[in-house]
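The form predicted on its own is given below as one chain in structure tokens.
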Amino acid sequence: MDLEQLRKTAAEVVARDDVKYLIGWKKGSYGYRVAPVFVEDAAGVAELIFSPLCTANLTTYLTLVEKTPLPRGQEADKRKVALMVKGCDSRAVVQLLVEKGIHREEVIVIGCPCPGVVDQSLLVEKYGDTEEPVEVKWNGDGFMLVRGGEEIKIPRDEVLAEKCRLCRYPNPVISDHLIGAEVEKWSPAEDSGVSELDAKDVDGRWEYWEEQFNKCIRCYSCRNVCPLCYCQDCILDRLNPTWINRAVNFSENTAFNISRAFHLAGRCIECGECERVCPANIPLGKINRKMAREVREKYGFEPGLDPEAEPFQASFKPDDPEDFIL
């Protein structure tokens, strides 16, 4: 990644009168941490980075800022928001455009071709946690960990995030400014996690998810981080009528997680954020990727690729044959 080009482009973008700020990544306060940053002027671009540690999908901020209604006396700032995206992140931008969650004239997309990011939990497991600032770089077909003046070469497969192992779109599918050259696509690995579950019988799959959903503490981190869960009034929060009780037990946990999975059918862009932030380490990516696989294989549809596409769930036809319904 050419940081000089990134910061030069960012400075030009935020200097525009019609731009409110740019959302990107900066070094975190310690260790492997990376944090979101809102850059409002050219002086702030010096903080911007793009590295294998930039795992988070920043697209969720597009629907989090300035939610209506605004405080009395305030008016909405109609200026554009600039956003740094990886390939998977860019699909979330496209899907928001398809659903009219955002409008094209409201956003400037700064595309960052991505050779793959790291799974920070694997970094900690294999190389230990640390409070001192560290740096991780792309290094040929692997990574380079720079810590305490020492350079440690890391094989790609040792710490590569699962979403990158399965990635089909490492280059942004939409961008106004592309930073550097596109990366060479790699052949996605077989999704063994989904395949192993498919190989189980119904009772085996139920037993697996019973164990996983029993761990859920209903913190809603998965929903809150998801760039496609942006309803201001979530039906799963309603108390009158009550769709899902607030009790934390297997029954309600299952209803919550399965409802989210179906709400994301034909919409999930497989960025893996839900699984990354889950404090109970529930493999939520498996259920979402299973739904995505079914939609892809049975309907030939992938979300987040064409801003002019019709939403998948809007393609329902009332006259579809229903012979399969008992």
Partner chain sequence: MSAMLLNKEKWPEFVKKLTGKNLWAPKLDGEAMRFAPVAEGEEVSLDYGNTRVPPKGATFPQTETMYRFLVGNMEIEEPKMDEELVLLGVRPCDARAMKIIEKLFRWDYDDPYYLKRRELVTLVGLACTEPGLNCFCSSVGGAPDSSEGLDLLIYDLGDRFLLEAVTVKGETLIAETKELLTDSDASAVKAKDKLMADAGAKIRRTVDHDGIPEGLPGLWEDPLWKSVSASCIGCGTCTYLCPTCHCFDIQDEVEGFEGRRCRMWDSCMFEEYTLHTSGHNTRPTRRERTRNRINHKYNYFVDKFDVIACVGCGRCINLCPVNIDIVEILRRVKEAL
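Numbering follows the first chain given and starts at 1. All figures in this text were calculated on a predicted structure; none of them were measured in a lab.
If you look for the form predicted together with the partner chain, you will not find it shown, but the lines that follow are about it.
- With the partner omitted here, the residue from K80, H177, R218, R165 that has a non-hydrogen atom within 4.5 angstroms of the partner chain in the predicted bound form is R218.
- Of the listed positions (V202, A181, L239, A199), a single one reaches within 4.5 angstroms of the partner chain by any non-hydrogen atom in the predicted bound form, namely L239.
- The partner chain in the predicted bound form is approached by R276, whose closest heavy atom lies within 4.5 angstroms of it.
- Mapping the unseen interface onto this chain, A280 counts among the residues with a heavy atom inside 4.5 Å of the partner chain in the predicted bound form.
- Mapping the unseen interface onto this chain, E131 counts among the residues with a heavy atom inside 4.5 Å of the partner chain in the predicted bound form.
- At least one heavy atom of V34 is located within 4.5 Å of the partner chain in the predicted bound form.
- Heavy atoms within 4.5 Å of the partner chain in the predicted bound form are found in one stretch of 137-145, 202-210, 82-90, 241-249, which is 241-249.
- Residues of 24-44 that come within 4.5 Å of the partner chain in the predicted bound form, judged by any heavy atom, are G28, S29, Y30, R33, V34, A35, P36, F38, E40 in sequence order.
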